[in-house]
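The chain that follows stands alone, in the form predicted on its own, written as structure tokens.
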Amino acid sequence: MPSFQSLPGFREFYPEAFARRHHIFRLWRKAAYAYGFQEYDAPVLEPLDLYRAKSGEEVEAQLFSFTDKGDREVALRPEMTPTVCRMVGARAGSLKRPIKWFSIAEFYRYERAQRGRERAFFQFNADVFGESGPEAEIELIALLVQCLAGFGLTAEDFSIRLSDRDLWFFYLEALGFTEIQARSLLSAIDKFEKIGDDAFEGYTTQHGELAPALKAKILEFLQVKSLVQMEAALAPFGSDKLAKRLNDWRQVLDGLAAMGLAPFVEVDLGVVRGLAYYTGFVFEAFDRKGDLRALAGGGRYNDLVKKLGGPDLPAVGFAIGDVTTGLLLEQRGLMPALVKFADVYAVIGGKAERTAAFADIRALRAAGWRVDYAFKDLAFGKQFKAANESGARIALIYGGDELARGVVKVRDLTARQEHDVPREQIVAAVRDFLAHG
């Protein structure tokens, strides 16, 4: 018989792994709901041309794409941005603005599987459509902080590195560069942190030697790490575009500071997000302590909805993946080790006690509690061991003495305390304990 295994880069989620994945998704959803975002979903299979329209034909090398039985060129979605732009664009006239949507979905990219990167992965995506001002960036960056801080991570664990492609374009224009030259330089800036001066080879190959004085000004601007430094660097130019952009920066940073999020935010002009469709502020969540580095990324993409056939609609969004989030939580000791599959565990003495317990078990389950019990008659010691392994907070003990007295003994499995409850009050007693105990 053949031995089958999962394909490279595709994960299997056994119950323990699934419980940890659910933990991540649950806290992401909690954050999104707290910020007033609405959840949506979309097809996993899309026309291949949707991704060509966004990123060009070179994107196909990273896609799981094929021709279907209807002779259509299709692809498994590698990201959500083109899809959500198509969906919002189709109903933009009837949607109340700002449009605040989020999703948690699986994506597929045909690339080499490695630590922190899989061929099939989940992402939390959040986007704001219809708001052209910095208010959208404030909302999304605050949400991104909560998507990580909700797990117990602090400003010592991660930061949000904030940059601005528009600011770079205006700055390079003030230095005398054309738009084509500026785009080439942004590509170099994007790579500079990783490879240093070699990042400028593409520019020199395409446009000729970069004057040392201009290169020095670019590298100097790259070192700006605060609004004060930014204002000083831009003051000599007297540019209206730069002055207006500085006001946008003040609004974003002041808004985040007012929310108490200043410790999480860093000015870092080395972040330009290589994707050409970004049109303004860009940002990344960054691992301060470890080697995971970029944990999430996003930015403004005002032209994409129109490019994909919709109306001219401003947009900002970000995505954060489950793979790097899970690794980060494990590194920091914040991933729950216990797989909890029960709230309540019924410890049952014998046949008569089982008959009584079954009625209560059914009532508790109908009320929404996760209740488990041993299928076979086991010694109490083995049942209590199973109760602790289940993650249950309380055990309900059905022994002969309890049955004779018409009560259930309720044991707090954490505090090791117990008390009797009349059987007819057990649902209310469990509800009260799990809500306040």
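Since we're looking at a predicted model, the values are computed, not measured. The first residue of the sequence shown is number 1, and the count goes up from there. So that the term is clear: the rigid core is the largest set of C-alpha atoms that superpose within 1.5 Å between two forms.
Although it is not shown, the form predicted together with a small molecule is what the next lines describe.
**Student:** Could you spot which one of G290, G130, G116, G255 gets a heavy atom to within 4.5 Å of the small molecule in the predicted bound form?
**Tutor:** Of the candidates G290, G130, G116, G255, G116 is the one lying within 4.5 Å of the small molecule in the predicted bound form.
**Student:** Note which of R109, R165, R161, R245 lies within 4.5 Å of the small molecule in the predicted bound form, where distance is taken over heavy atoms; exactly one does.
**Tutor:** Looking at R109, R165, R161, R245 one by one, just R109 meets the 4.5 Å heavy-atom criterion.
**Student:** Quick one: find which of 216 to 224, 306 to 314, 75 to 83, 232 to 240 has residues within 4.5 Å of the small molecule in the predicted bound form by heavy atom distance.
**Tutor:** Among the listed stretches, the partner-contacting one is 75 to 83.
**Student:** Decide whether L295 counts as a contact residue for the small molecule in the predicted bound form under a heavy atom distance cut-off of 4.5 Å.
**Tutor:** So L295 counts as contacting the small molecule.
**Student:** So in the predicted bound form, does F169 come within 4.5 Å of the small molecule, heavy atom to heavy atom?
**Tutor:** Contact check for F169: no, nothing within 4.5 Å of the small molecule in the predicted bound form.
**Student:** Indicate whether the small molecule has at least one heavy atom within 4.5 Å of a heavy atom of Y345 in the predicted bound form.
**Tutor:** Close contact is absent here: in the predicted bound form, Y345 is far from the small molecule, nothing within 4.5 Å, heavy atoms only.
**Student:** With the partner left out of view, is K100 within 4.5 angstroms of the small molecule in the predicted bound form by any non-hydrogen atom?
**Tutor:** Taking the distances in the predicted bound form, the answer for K100 is no, it never comes within 4.5 Å of the small molecule.
**Student:** After core superposition, I'd like to know whether G56 moves between this form and the one not shown (criterion: C-alpha shift of 2 angstroms or more).
**Tutor:** It does, since the G56 C-alpha is displaced 2 Å or more between this form and the one not shown after the core fit.
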